Every structure is written in C-alpha cells, then in structure tokens.
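One chain comes next, on its own, written as structure tokens: the form predicted alone.
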C-alpha cells in the first residue's frame, strides 16, 4: 500500500446516515483527486473501541475527526488535507 495514502474508516451500523457519509467521503476524495482506503466499520464493539457514542463517525488514520453527524464535502476535504 502507498504510505502516503490515508485510511478512512466510516463508523456506523449501516444506517442511511452512515451510507450517506460514505457517499460524501467518496465524493470528497473524487473532488480532491486523493486516494484513500475506505473501510466501513459496522461492528458495534469495534465502534465503541473508538469511544464513539453516536454515529456516523469518520476516522482518518486512526484519529476520530467527525462524529454524530453526516459531514459535508468541505468537512471531509478539511480533514483529509
């Protein structure tokens, strides 16, 4: 794997907001021209390991950046910059 490539995890149990968050992340990546590995984390135990109580959440390189709401494209662009 490219060491410059970010890993973005989307934490959520598969709800509509979690799916919407995934779409926003993919669109932000497309707009920025960046590549990232996108991993969906739907297991509640694994989500709790990030100390996230409300989903959806976005984790970039193992740091929780956004939680409890669907981010905007500009939110994602800011955290992957």
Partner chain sequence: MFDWLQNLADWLVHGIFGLGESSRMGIALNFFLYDTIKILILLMLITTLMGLVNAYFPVERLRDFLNRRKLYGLENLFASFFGAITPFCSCSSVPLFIGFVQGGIPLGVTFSFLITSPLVNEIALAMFVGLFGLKFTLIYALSGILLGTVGGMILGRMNLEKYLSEWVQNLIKAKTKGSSDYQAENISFTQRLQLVFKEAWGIVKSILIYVVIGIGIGAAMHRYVPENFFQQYLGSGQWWTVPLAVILAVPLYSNAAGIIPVIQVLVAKGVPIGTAIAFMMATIGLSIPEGTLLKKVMTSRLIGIYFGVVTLFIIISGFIFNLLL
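Residue numbers count along the first chain shown, from 1. Everything quoted here is computed from the prediction, not taken from an experiment.
Keep in mind that the form predicted together with its partner chain is missing from the display, and what follows is about it.
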| property | result |
| --- | --- |
| Residue 36 within 4.5 Å of its partner chain in the predicted complex, heavy atoms | no |
| Its partner chain contact at residue 64 in the predicted complex, heavy atom, 4.5 Å | yes |
| Residue contact check: residue 52 to its partner chain in the predicted complex, 4.5 Å heavy atom | yes |
| Residue contact check: residue 69 to its partner chain in the predicted complex, 4.5 Å heavy atom | yes |
| Members of 9 to 30 lying within 4.5 angstroms of its partner chain, judged by heavy atom, in the predicted complex | 13, 15, 17 |
